[in-house]
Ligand code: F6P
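This document opens with one chain alone, in structure tokens, the form predicted on its own.
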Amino acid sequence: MYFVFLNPQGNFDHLDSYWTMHPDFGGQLVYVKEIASALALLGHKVDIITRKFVDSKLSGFEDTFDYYDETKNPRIVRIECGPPSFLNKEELWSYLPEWVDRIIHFFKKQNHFPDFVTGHYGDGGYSAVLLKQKTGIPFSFTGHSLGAQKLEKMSVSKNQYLDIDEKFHFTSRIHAERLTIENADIIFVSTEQERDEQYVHPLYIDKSSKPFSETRFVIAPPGANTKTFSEIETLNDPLFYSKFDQILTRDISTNRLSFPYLVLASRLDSKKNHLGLLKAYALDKSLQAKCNIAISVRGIDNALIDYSSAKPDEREILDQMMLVIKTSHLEGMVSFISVNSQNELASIYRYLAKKKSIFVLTSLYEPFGLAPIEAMSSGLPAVVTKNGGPKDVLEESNIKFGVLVDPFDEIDMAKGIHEMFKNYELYKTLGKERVNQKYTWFATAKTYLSAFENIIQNNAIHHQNQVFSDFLGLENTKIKILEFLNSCEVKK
């Protein structure tokens, strides 16, 4: 069969360029690439369709076709829309109808339409809605994250909303998500928690929408690329290890170089709570006595000396972290390592696992948390936020496969790390077993495939040119959002 992944802001290329350097080059790319590649290995034709653009600051997305390897499956297809340069995902909404029309033209030109489409993030889902409306091709939706939760976590007041909306386009996003949820044949979620918490938000469920039904959801947890993220060393590891040795020798006091490390490998984002973990470490002298901290950054050679090349939001976080390091006298205990690819990240996991290090992700909230799975697959046991999807990964039937902590409680974070060190080998073994049994990309791809086949076999394709109900409209969506924010203020 022929499957298509719709990702207007996916920005895929064969080199995996710029991953983690920009919010539009995040975990969604890993997710889609791995499932698409696994479906291709299962014998299906797969296209990842994204947007073509030409931008001197982000080169590599100018060609219509790109491929990850010589099999040319999956294929990356870039379709232009809007201005020729790169646009942040928040600026793409008005150009998506044009993008979909050109995708349909592409299908007609190649004389081959897909059997099933899967839309990712709100803009990919909305594009799938438009495509289904014009062609009848069924589609699934994978939200990754939803706008209502982001809006709520920003604690935006009703009076602030119009200014915030101008920057983040929440009205367009939530309107698109509502349409997508309404019209998707199936919705993929990573956990039951994602289904039961995110999709029942009052901005998605009301008297004008379909009743919430668990049967429309398929739980398909992401997996690790166990070929890349493995304890088995690669030919490139010696080169990477030499680089890591030099960086750690540069940053860490000589008498501490043999210590294990707390490994922070998520992007520099306030939601990832690097600062909270660093404060927890600064408050706990016994923790300082047993381990160092290694923080991955991208494109910054020596953050302890100069991080002027970082983006403004990243610089603000680094400013705060440097202040904690200075005032708490943590010099010689913290290293910043520039990690520039998935292979290099896997290598540093293996390198630090040899030192009995721990992967730590203390996000304020994590929708799922692929990073801990990759770390556990590489030999690093994980201490992870209890807020969000990681709870389903690290606990089941009263068995713990890692340690969950409260990211708002510095004492609890430190306590969790101490627990991990105390039971290190046990959690390392359990974590790796957990990945192998449940969290591989082939398992995820097979779940996707089974759901696709079920929809196709049951003739769920809608009639071509069916008119879809825009059951709120853009302006009414804005009114609904303002009413919701007002109700939140009243409750306070």
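Predicted, not measured: the structure shown is a model, and the values here were computed from it. All residue numbers are counted from 1 along the displayed sequence.
There is another form of the same protein, the form predicted in complex with 6-O-phosphono-beta-D-fructofuranose; it is not shown, and what comes next is about it.
Of the stretches 140-148, 124-132, 390-398, 343-351, only 140-148 has residues with a heavy atom within 4.5 Å of 6-O-phosphono-beta-D-fructofuranose in the model of the complex. For the chain shown alone, H105 is not a contact residue for 6-O-phosphono-beta-D-fructofuranose in the model of the complex, no non-hydrogen atom being within 4.5 angstroms. In the model of the complex, 6-O-phosphono-beta-D-fructofuranose sits within 4.5 Å of a heavy atom belonging to D24.
Heavy atoms of Q9 reach within 4.5 Å of 6-O-phosphono-beta-D-fructofuranose in the model of the complex, making it an interface residue.
Looking at T50, you'd find every heavy atom of it more than 4.5 angstroms from 6-O-phosphono-beta-D-fructofuranose in the model of the complex. A heavy atom within 4.5 Å of 6-O-phosphono-beta-D-fructofuranose in the model of the complex is found for exactly one of K290, H329, K271, K227: K271. Residue in contact with 6-O-phosphono-beta-D-fructofuranose in the model of the complex (any heavy atom within 4.5 Å), chosen from R298, H175, H169, K89: K89.
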